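The form predicted alone is given below as one chain in structure tokens.
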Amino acid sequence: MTPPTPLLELRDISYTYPGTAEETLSHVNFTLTDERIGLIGANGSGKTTFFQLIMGLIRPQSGELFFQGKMVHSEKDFQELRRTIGFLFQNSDDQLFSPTVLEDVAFGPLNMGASPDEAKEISIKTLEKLGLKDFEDRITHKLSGGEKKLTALATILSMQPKLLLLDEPSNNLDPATRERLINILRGLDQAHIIISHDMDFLASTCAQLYTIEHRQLHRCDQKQVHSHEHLHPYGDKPHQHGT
């Protein structure tokens, strides 16, 4: 049987930031079909750089990137790729720029050719799926941190992407919103790559772990899912753990 065409493939990608002598990423090779992957590594190891290279926000000094079997090289190629990959930033304030929630969530569908009525319908349905029913007219900058994170997720899901790149999605979330986000991600059909230091979050949302060490991307042989013995006021109730 012929193997499926990878959704995403990086071949021998290397990147060095301008003004620095040492590579941030060196000869990285990576293939993804429909997996749910967690990406770990020390601060400054190149995890966010990896995402930025995939999105074409920075360009490698060498190597090739393919999406759905097609080489992505020109700015026009990357513009098309960005319509198909949803990138959730670390800081939701960098992603939300419209006065109201509806305007933010509808921005993507409108730019993909949906009519105003179609974009509104898509946005309302997306918000409802994320538990944000009746949020359409909320003022974006007045949302709580958790509400902003879910709204930012809605802005990319409304574009119906085939792949999600999520950069530290559980950072600074209260336990209830964190658990809610876990349940949302478990219910999505898309492949995803999640950068996080929150190992319990990754264990709950990903099937495979990769790490960046010494400028190289490595697949971890086995994800170790384990329980913790602990004592706290909610120990007798279902809950998720933070880092």
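Numbering starts at 1 and follows the sequence shown. Just so we're clear, the structure is a prediction, and the values are computed from it rather than from any experiment.
If you look for the form predicted in complex with a small molecule, you will not find it shown, but the lines that follow are about it.
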query: Region of this chain that lies against the small molecule in the predicted bound form, out of 62-70, 181-189, 26-34, 40-48 [heavy atom, 4.5 Å]; finding: 40-48
query: The small molecule: the contacting residue among 144, 90, 100, 115 in the predicted bound form [heavy atom, 4.5 Å]; finding: 90
query: 4.5 angstroms heavy atom contact with the small molecule in the predicted bound form for residue 136; finding: no
query: Residue 168, heavy atom within 4.5 angstroms of the small molecule in the predicted bound form; finding: yes
query: Distance check, residue 218 to the small molecule in the predicted bound form, heavy atom within 4.5 Å; finding: no
query: 17, 20 and 197 each touching the small molecule in the predicted bound form (heavy atom, 4.5 Å); finding: yes
